[in-house]
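Below, in structure tokens: the form predicted on its own, a single chain.
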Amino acid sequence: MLTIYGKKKEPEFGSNSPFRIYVDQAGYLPDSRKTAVIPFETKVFAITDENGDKHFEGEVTHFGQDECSGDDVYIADFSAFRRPGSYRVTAEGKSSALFRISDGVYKELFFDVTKAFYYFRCGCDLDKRFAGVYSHPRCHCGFAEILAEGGEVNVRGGWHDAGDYGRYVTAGACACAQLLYSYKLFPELFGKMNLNIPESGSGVPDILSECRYELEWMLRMQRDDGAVYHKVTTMNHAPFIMPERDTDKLYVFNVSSSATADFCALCALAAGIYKDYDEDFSKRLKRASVRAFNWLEEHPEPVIFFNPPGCNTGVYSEEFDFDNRYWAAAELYSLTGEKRYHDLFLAIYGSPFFEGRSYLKTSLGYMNIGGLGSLAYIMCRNEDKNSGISRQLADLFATEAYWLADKYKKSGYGAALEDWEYYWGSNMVLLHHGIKFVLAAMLTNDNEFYTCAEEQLHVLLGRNPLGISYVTGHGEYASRCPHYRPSAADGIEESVPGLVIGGPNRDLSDSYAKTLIPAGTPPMRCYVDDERCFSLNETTIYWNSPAVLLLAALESRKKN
């Protein structure tokens, strides 16, 4: 065994799972489609309980060769078996991990992926009452020097972005917006959700209190003229130490138009939501959003961010900002109904920029975020909204969902991903596809899309060729060694639960991954549970946020 940053593990390539039949290790809802993948030849399978007693038997279907894994797979479909309990799938003397069939099968998972944002908090104590064994003192509380401009600014707060301790506006805006849309689409789920955070019991839904912690930091990142600084970090990533021990000098880096536009959009979205809970805060958000928009009008050309010499922290640079401005205009129009915002939205919607790039109108990630602008416009209730454009946007989501469904059906494991999509953060792509299925289901009333969405979750949680659950703390064989500094440095064997792992990456974008994974390995197998492999095993706030949104959709459908 090798000790890596205080934890013991075997950094071998491939699946170290003791199981050779692959299931969703969280489990299945009783009325959902339930399948296991068997990567060896067999004719029959059985469902057995923890005592080995058989409860169901069926014949497998030979799917054939799965391109992205290289496996010849057989499908065990036990959808007809609905009895609540804990089970394994068995065949030819081999077994799956334990899983449950239950109406509450996603409850703990949903809680943990949402609570994870509390553990990402920067600038405050994580108290034992709320963090348990993962408590630690406050961090990064000093003022930050404004690089190139001089002076200092208080930018305390917000969420650490990922496995590092940087805080980035575009990434944070994406994550926070996906949480706010989770609430906006499914408010009934979050009204009673107690996350056990310091603000619990305040009368404000806990998810909104958590988002406010990020929003207060973002407001500090806005310059007096309305522009927004791109990020606050040290000059170099910290070693694997606890956040309170990262005491290097903090810097606030140059403004960018993508950060300003994303900030503008997020504040407008948030202003409409928080109006029901704190009118003064809502007004602050609206004023900040309008100031950012005014700056964008005065600077119509992209202001692109680049790291200065000597800095190796995250760049999050974008070569164009039209999708960011599209989102900003949509959210401000949705909030205010004002013509100036509507005019800009319509102009960008019909601009040559989107010709050949229609995918940007449904994209949900920080790099391409136009899908949130489309969603804002579809949900907008202003009387002068162009209903024809709203229908066109709904059709775009539906068209993409049908295309993704074809990809899902061609995968032996049910992943709606092609081989090229297994890049850094492939699990985020998987989750985004799940969300697009949900949106298509809501926009078309085609409930089959909900099945497609749930299938993507099954892949994330263990029904994959390595038989691993890519959410920490969830599954009999789950990722345990994320590239996440507190997890590596806290001396605790088990990681914070509920962290979504980046997942397989065919590009092998870091040197450790290249030493552990042979060239030519099928993309779904390009993963090792090793803290050093940041391009495989990192965590980020914008990988957790789509998991919250997808799980909220599935939980809401179950309740309704």
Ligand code: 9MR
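In this text, residue numbers run from 1 along the sequence as written. Since the structure is predicted, the reported quantities are computational estimates derived from the model, not experimental observations.
As for the form predicted in complex with the named molecule, it is not shown, yet the points below apply to it.
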Only one of Glu214, Asp161, Asp323, Glu455 has a non-hydrogen atom within 4.5 angstroms of the named molecule in the model of the complex; which is it? Asp161
Counting only non-hydrogen atoms, choose the one of 161 to 169, 402 to 410, 355 to 363, 474 to 482 that falls within 4.5 Å of the named molecule in the model of the complex. 161 to 169
Using heavy atoms and a 4.5 Å limit, would one call Thr540 a contact residue for the named molecule in the model of the complex? yes
Spell out, yes or no, whether the shortest heavy atom distance between Trp424 and the named molecule in the model of the complex is within 4.5 Å. yes
Contact between Val315 and the named molecule in the model of the complex at 4.5 Å, heavy atoms? yes
